[in-house]
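As structure tokens, one chain now follows by itself in the form predicted alone.
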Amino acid sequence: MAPLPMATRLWDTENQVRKRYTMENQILQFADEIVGRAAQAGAVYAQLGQAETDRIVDAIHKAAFNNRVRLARMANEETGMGRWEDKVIKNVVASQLVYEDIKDLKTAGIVSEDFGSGILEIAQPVGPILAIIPVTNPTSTVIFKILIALKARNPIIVCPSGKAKRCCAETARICYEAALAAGAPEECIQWLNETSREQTQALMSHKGLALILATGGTGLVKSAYSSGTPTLGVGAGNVPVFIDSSADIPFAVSQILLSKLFDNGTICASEQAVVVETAIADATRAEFERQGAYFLSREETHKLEAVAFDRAKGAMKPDIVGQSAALIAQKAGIAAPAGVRLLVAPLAGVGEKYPLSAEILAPILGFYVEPSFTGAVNRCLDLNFYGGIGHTVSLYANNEVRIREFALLMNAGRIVVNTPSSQGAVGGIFNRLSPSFTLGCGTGGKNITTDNVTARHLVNIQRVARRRDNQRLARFNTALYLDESLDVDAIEAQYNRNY
């Protein structure tokens, strides 16, 4: 074929530039409109008092709770992940338990006053919030983020995963209609029916956006942090669980299964590897097998690695996330017994040579046997630092000394004891942690907090500080500070003489 004439090629290039310029302008205009509507809603919402705000939040939580089953089914059908029955429980946590946790929180006007210090605290909304929603927990995360945002009087923009956009849109619609009926301003809740990377980037970096609530994959969270907009994000959760020799083994195994099988392991706080001491290894393995786990041979472990982990990308394969153990075994060509609930891979190390030592959001567990308590703790640290630093670790023990020693050595925002890790980290069911679907991982996980993020993180606190003189300074001859011969002890002695 003869080459195109130069004039034609130049024309094509100009057209491509013009199209790209037009598309970029359309995306920027789209972001301006969305954030602009949110800002207008926020200006109205900020004028509401605590009673009006609480009425809106109560209406949202009731509407979400009343639709918990339908939304769970929608999420399961659209994403193909997990179990709808477990997604119902997630929706209950996100609506009822979150509401109970935040309903008495003061988020409007004067929230505290200390006459002794002369400090008065006033809560103000942070402004428009962009809520990034993961495919693994779509409807529950939408409910949760809408509740905590509106409790703090912030408008919210819901940006769903492309694989869960219908169920997220329906969840947002239900919450929005309930909010409007209770007196909320129009556009206080918006959602995207279609999403693209370019649109999301434009929204995240928009100068009118106040905050991003980023829950999802590592790349997306990193992109949110790089946008220039303040972000409350999450980290990966490669959660180790240590069963100490003092533990009740049947109880520990039952609770691990309760957690790891919940919604087929789609919660990032689910256990990823079990660590035991040699003295109880056989008894622990026998108990896992009795409760429906299947221990893989070395050959079967390699087969599972091939279908569960993408070595090139260094991450779990999406098509096994939230699938049943039986389906994953079939996909890997493993002849697991009928009724298998969990696939367990005995492993000798942590890192790239052992793909199943990484985070896998499915009914798959690594299994490590260590000769001593110290060895077991070190193995948990290896796992904790291999893609899960700052997130969650789990411990089963009835020895308080060992519980404290273990906790002091771990780098995790949540150290759950004798508790299913998934439900324990999320909070509100087995402990008094704030129920949350955004689990901070601290600086180790490149987050700003280790908290379970909730409504109190979404307010700006203004402080009115009345004059209260520092009496030590008022009575002290500050000219003495200029005397280089006086050290801190000498200055302290002078302070004490004045009193």
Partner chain sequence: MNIKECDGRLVCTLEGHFDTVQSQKLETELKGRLTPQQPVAFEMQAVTYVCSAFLRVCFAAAKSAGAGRFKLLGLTPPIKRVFMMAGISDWFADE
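Worth saying up front: this structure is predicted, and the values here are computed from it rather than measured. Numbering follows the first chain given and starts at 1.
The protein also exists as the form predicted together with its partner chain; that form is not presented, and the subsequent description refers to it.
- A heavy atom within 4.5 Å of its partner chain in the predicted complex is found for exactly one of 433, 59, 48, 459: 48.
- This chain is displayed alone, yet in the predicted complex one of 387, 355, 216, 185 has a heavy atom within 4.5 Å of its partner chain; that residue is 185.
- Between 444-452, 465-473, 61-69, 35-43, the stretch whose residues reach within 4.5 angstroms of its partner chain in the predicted complex through a non-hydrogen atom is 35-43.
- Proximity of residue 199 to its partner chain in the predicted complex: non-hydrogen atoms within 4.5 Å are absent; the residue sits far from the partner.
- Not displayed here, its partner chain is kept clear of residue 205 by more than 4.5 Å at the level of heavy atoms in the predicted complex.
- Contact check for residue 246: every heavy atom lies farther than 4.5 Å from its partner chain in the predicted complex.
- Although the partner is absent here, residue 265 lies well away from its partner chain in the predicted complex, with no heavy atom inside 4.5 Å.
- In the predicted complex, the residues of 117-138 lying within 4.5 Å of its partner chain by at least one heavy atom are, in order, 124, 125.
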